[in-house]
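In the block that follows, a single chain appears as structure tokens, in the form predicted alone.
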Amino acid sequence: MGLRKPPLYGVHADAGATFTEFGGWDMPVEYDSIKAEHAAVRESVGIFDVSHMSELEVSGPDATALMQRLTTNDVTALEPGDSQYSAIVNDEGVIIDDTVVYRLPDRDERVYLFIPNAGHDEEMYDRWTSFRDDWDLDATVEDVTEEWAMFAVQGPDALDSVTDAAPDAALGDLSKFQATFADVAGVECWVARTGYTGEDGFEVLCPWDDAETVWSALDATPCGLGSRDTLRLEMGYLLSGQDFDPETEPRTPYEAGIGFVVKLDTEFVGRDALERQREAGIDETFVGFALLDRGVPRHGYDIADADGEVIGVVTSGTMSPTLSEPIGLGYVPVEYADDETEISILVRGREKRAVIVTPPFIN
């Protein structure tokens, strides 16, 4: 089966983008260079095509109950136009995926749109419909991944970019994690003040067939997934399939540093396991680190203590374009998690000195 393509694949190819496989999609990884695109987001504004992200809509009388039982955060706290970061975990409390849940304007009843990671739409559709049927809930679940295109406009000038394209919408009034429907270049879009870069920004969902109209109206530097990765890594944000994975890197929200999305006063799949872990404490935790020696840390490299004993593994690493320093993320025993703790990274079998740094790596 071939790779899925975003609606603007041809537009990106004509702009000189190079492509990479990600989550079963053929997506632009860079246009000019990762370093230049990274700088555009940190200093001005960039735009990413993130149409590979999954989208599922849940509606009906029991939509809230279904969302509440399958995500770790408190869905009942959402008003129309609100969103929240959350986790989806299994019975053991291990993260299957992380997601953003939006509450859309009501249509006689509550409606939710949630955004799993790329390539997870079929898995999440099956999970949601299976539990719905097991629990005999009255809810409609729709996989709308290929109905919506999604663009992330990120950077200190992001508000100017979206305001120019949507002059009649008061998008500047949106707080972080708020969203609204807005007319963007004559197209009704769902516009949220969310993002994955650490900068101010907006994520714009528009109908698949109107993608080029909306993309062309947003004045920003086109950016690929390469710079999206370096930007999120400087902030210490998790990457699904790399910093956690139920098969290759099974981690709970507490271990992965996102315990703030776990609301134990709600009932959800995996709640009891997470309550037990919170009471007992965790043995390993997610940390950032900076190399003191030359070298670039990569996924899968070992982390060692000052005596050279392997104590953990690197899950993400790069040369920070902002700092011009090698940085990374990974898991270590909690006794090694304090800032300035000396460790080493085994880069191609050679020990490179490093110290623990609590992300974000930049202000």
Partner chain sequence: MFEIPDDRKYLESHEWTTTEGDAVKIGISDFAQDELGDVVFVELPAEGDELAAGEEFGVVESIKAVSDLYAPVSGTVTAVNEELFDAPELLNDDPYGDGWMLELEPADESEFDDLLSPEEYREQTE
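Residue numbers count along the first chain shown, from 1. Keep in mind it's a predicted model, so treat the numbers as computed, not measured.
Separately, the form predicted in complex with the partner chain exists; it is not shown, and the next lines address it.
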{"query": "One residue of I34, V314, A65, A40 in contact with the partner chain, assessed in the predicted bound form (non-hydrogen atom, 4.5 angstroms)", "finding": "I34"}
{"query": "D305, D302, E57, E30 - the one with a heavy atom within 4.5 Å of the partner chain in the predicted bound form", "finding": "E30"}
{"query": "Among 330-338, 46-54, 316-324, 66-74, the region lying within 4.5 Å of the partner chain in the predicted bound form by heavy atom distance", "finding": "316-324"}
{"query": "Distance check, H12 to the partner chain in the predicted bound form, heavy atom within 4.5 Å", "finding": "no"}
{"query": "T230 within 4.5 Å of the partner chain in the predicted bound form, heavy atoms", "finding": "yes"}
{"query": "4.5 angstroms heavy atom contact with the partner chain in the predicted bound form for V310", "finding": "no"}
{"query": "Members of 281-298 lying within 4.5 angstroms of the partner chain, judged by heavy atom, in the predicted bound form", "finding": "R294, G295, V296, R298"}
